[in-house]
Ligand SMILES: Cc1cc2nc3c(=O)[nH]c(=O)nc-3n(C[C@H](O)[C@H](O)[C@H](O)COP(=O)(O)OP(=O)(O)OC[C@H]3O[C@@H](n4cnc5c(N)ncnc54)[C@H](O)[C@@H]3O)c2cc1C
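Just the one chain here, the form predicted on its own, laid out as C-alpha cells.
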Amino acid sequence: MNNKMADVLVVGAGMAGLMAALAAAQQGCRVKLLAAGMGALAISGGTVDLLGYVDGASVDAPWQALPRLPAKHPYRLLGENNVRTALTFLRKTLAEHGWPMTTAVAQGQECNTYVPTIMGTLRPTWLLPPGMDAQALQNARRVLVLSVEGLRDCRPSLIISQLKRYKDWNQRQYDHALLPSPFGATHRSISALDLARLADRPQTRTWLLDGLEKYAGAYDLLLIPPLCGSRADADFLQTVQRKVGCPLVEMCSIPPGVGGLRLRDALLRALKKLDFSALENATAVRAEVADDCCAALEVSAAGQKRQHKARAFILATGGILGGGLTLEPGKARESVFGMDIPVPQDVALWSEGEIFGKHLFGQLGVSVDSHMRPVDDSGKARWQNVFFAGRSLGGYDYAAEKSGLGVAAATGWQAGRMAALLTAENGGPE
C-alpha cells in the first residue's frame, strides 16, 4: 500500500480486528491495521466459541439460546441472521486459506462440542479445527493421552484423573505415555509452541511422526497437546491422522496459543491478497474528533507520535487486559476516545463472591448500536465514522459465556462492513 490516506483504519490484531479488516477490504476499501501486539488470538486455543453458557447453565444448541441473552448483548444487537452470516464468512475465508473448520451435528442440528483441555477439563465450543473428530470424542472407549518429555503444564495422568470426573468419560479405558523430546536433555522446559514450530518444517517433523507410529491402531482416540504445526496446514494434520490410524485430537492448551496462531495465519493469508497493510508495535493513544466525526488517531510507534487519518475508524483494542479499557478507583474509561464507562463508585461491587460468577468487571465496555457505533446515554451515535468490535464492547461476559471469538468474529465483520458501507456512501474508496 502507498502512503495515501486509508479508507478504513483498524486498531487491533485479534479476531475482531482481522475480521473487520477483511470485511472492509473485501468491499474494495484500502485498509490499514495498527497493532500493539499479536492480539488475543495468540493465546487462544484455536476453536471458535459461539455460546457455551447462559446464566451459568451449559448450552448444547447455541442458536436456540440466543434469545435468552440480554437485549444489549452484541449478539442481540446484531440479530441472529447477521451472526450466522459473519460466521459463514469466517468459515469460508479460513477454508480458502488452508484451515477448514467444522461444526458438530446431533439429531440433524448443529451443536456445541465439549472438547478436552490439557488441564483435563471439558469446554463447550462451536467451530472445530481440522482433524478434531466430534464423534470420536463422544464415542471412543480406548483412549491414549500423550505428552512429550519436558513439556510443561501437560501431565497425562492428571488429565485422565480430571476427565474421569465427567459422566461420559469415567467408564473409558485410558493409557498414558510420553513421546521423547526432540531437544534431548538440553531443555529442562519446553512449550507446545516450541514443538509445533518443529512440525512446520518437513525436515524437523519426523520426530512427531515416528513417535506416533508406534501407537498406530491400538486405540479409538489419541489426545495430544497442539503439536502439529503453528501454521494453518490441514494437509499435515491429515498426514498425522493417517500415521496413527485412528482419530487424533489436539487438546486445547494454555498460552502460547498454538491453535489460535493457526487461525491468525489463515486470516493474514487472506488479507495479504487484498489492499491491506499493517503497522506493528503501534499504540493508538488519542483521537482527534470534530462534531460527529473522527479525523485522525494519534499513534505512538518507534518512540514517535504520528497522526493517522482515515475515512472510517474501527477500534478492536480489547478490554481491561488488552488495554482497550483503563481502570481507576471508582472509574472506567475507554482508552483512545476517553469515553467514560458507567460503574459503581464502590469497587467492591465490580465483582461477586463466586469466583466463576458473572462479574461486573467482565462485562465492562463501550455501548454501541447495531452498526457497532459507540452511543451516548440516549442511544445516539457519538461519531458517524467510528466503530467498535470485540472485547472493547460492553454487555457480555466472554469468560462466563464462552462466547469470546464468536462475538469477536461477528462484531468485527459488522464493523468492517458498516465502515465500508459508509465509505461507499461518501463517494467510494479512494
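Bear in mind that the values here come from a model prediction, so they are computed numbers and not experimental data. Note that residue numbering follows the sequence shown and begins at 1.
Another form, the form predicted together with the named molecule, is not on view; read the next lines as being about it.
At least one heavy atom of G318 is located within 4.5 Å of the named molecule in the model of the complex. The named molecule is not drawn, but in the model of the complex it has a heavy atom within 4.5 Å of P255. Residue contact with the named molecule in the model of the complex: P156 places no heavy atom within 4.5 Å of it. Though the partner is left out of this view, A25 does not reach within 4.5 Å of the named molecule in the model of the complex, counting heavy atoms only. Residues placing heavy atoms within 4.5 Å of the named molecule in the model of the complex fall in a single listed stretch, namely 318 to 326, out of 141 to 149, 80 to 88, 206 to 214, 318 to 326.
Checking V368, L41, L364, V386 for any heavy atom within 4.5 Å of the named molecule in the model of the complex turns up a single hit: L41. Contact with the named molecule in the model of the complex, defined as a heavy atom within 4.5 Å, holds for exactly one of A65, A400, A381, A35, namely A35. If you take 11 to 49 and check each residue for a heavy atom within 4.5 Å of the named molecule in the model of the complex, you get V11, G12, A13, G14, M15, A16, G17, L34, A35, A36, G37, M38, G39, A40, L41, I43, S44, G45, G46, T47, V48, D49, in sequence order.
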